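A lone chain, given as structure tokens: the form predicted alone.
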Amino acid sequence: MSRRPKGPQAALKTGGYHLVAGGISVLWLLPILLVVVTSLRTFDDVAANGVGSLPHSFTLGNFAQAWIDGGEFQAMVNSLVVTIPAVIITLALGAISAFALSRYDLPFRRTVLLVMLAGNLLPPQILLVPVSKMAEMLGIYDTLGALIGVQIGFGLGFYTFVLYGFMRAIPSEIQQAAVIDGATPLQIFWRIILPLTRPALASLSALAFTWVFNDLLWSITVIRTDTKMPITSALLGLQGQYVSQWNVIAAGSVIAAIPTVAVFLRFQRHFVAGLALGAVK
């Protein structure tokens, strides 16, 4: 059966859609492009012509200055030391919790889920002082371990809630067949449920890495020493150190964005699949 040729009205709608979407994309990309171009200009060029002018110079020295003199190397190491364990531990605990709550008839499981969800609805600002005082009482204040613990504590409820929805949608017949074959709960979780939840885990991994890596609020709450600050706090210090050198600040921003962009590109296929699967459910 041949398709009918598109009329002028359909072509007009398609062209209007692409025009609007293209305009929004350009507006979204302009600030990013401005930061990248500024990071490649010299200070004399920016000072003489302004930040928004066309570039009249090209240099990579701004990245070296931000990386070494601005302390971003140590800050990047600190961020990765915090982010990688926090994401792995939180997702592991969230997957275990979601498996127990979704696949077994536990008492008060709905109450547990509601408590976890309610904890994520609390504004983090009202918890800054209690969390800071608790870290001091435990003797872990001003350590990266305290920041890892905070990220795990505040992310566990949300990740459990999301994974609960995915695991609950898995047909119970699969688990029953595994039980008949003699599989233990650990084997069911590791060999059956986790592989089926891979799109959701990949999506949450990308989101969790971005959230934890880009966090500023909790880092300045439980960390005090400059050499222990993560990359976002280092960027804040970079603005104070290089007040008018926008080229160095822009270079530091580009450096800070590289890990999150790389993680998103790596998990992009799984991320889109996870969103589509969640929409269907």
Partner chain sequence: MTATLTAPAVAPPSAAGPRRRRRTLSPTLLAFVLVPLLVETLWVFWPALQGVYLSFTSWDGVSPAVMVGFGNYAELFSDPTFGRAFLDTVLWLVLFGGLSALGGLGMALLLLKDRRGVGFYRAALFTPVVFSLVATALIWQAIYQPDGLVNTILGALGLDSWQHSWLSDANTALYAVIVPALWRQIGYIMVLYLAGLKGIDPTLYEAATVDGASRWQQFTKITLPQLSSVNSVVLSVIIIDSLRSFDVVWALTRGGPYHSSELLSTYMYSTAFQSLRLGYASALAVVIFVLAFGVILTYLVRAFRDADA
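Numbering follows the first chain given and starts at 1. The shown structure was predicted, so the numbers you read here are calculated from the model rather than taken from an experiment.
A second form of this protein, the form predicted together with the partner chain, is not displayed here; the remarks below concern that form.
When the partner chain is considered in the predicted bound form, only one residue from A202, L196, V81, M116 comes within 4.5 Å through any heavy atom, namely M116. Interface residue remark: M134 is counted as part of the site for the partner chain in the predicted bound form, having a heavy atom within 4.5 Å.
Residue contact check for H56: none of its heavy atoms lie within 4.5 Å of the partner chain in the predicted bound form. Not displayed here, the partner chain is approached by L216 to within 4.5 Å at the level of heavy atoms in the predicted bound form.
Mapping the unseen interface onto this chain, P85 falls outside it, with no heavy atom inside 4.5 Å of the partner chain in the predicted bound form. Residues of 139-168 placing a heavy atom within 4.5 Å of the partner chain in the predicted bound form, in sequence order: I140, A146, G149, V150, I152, G153, F154, L156, G157, F161, Y164, R168.
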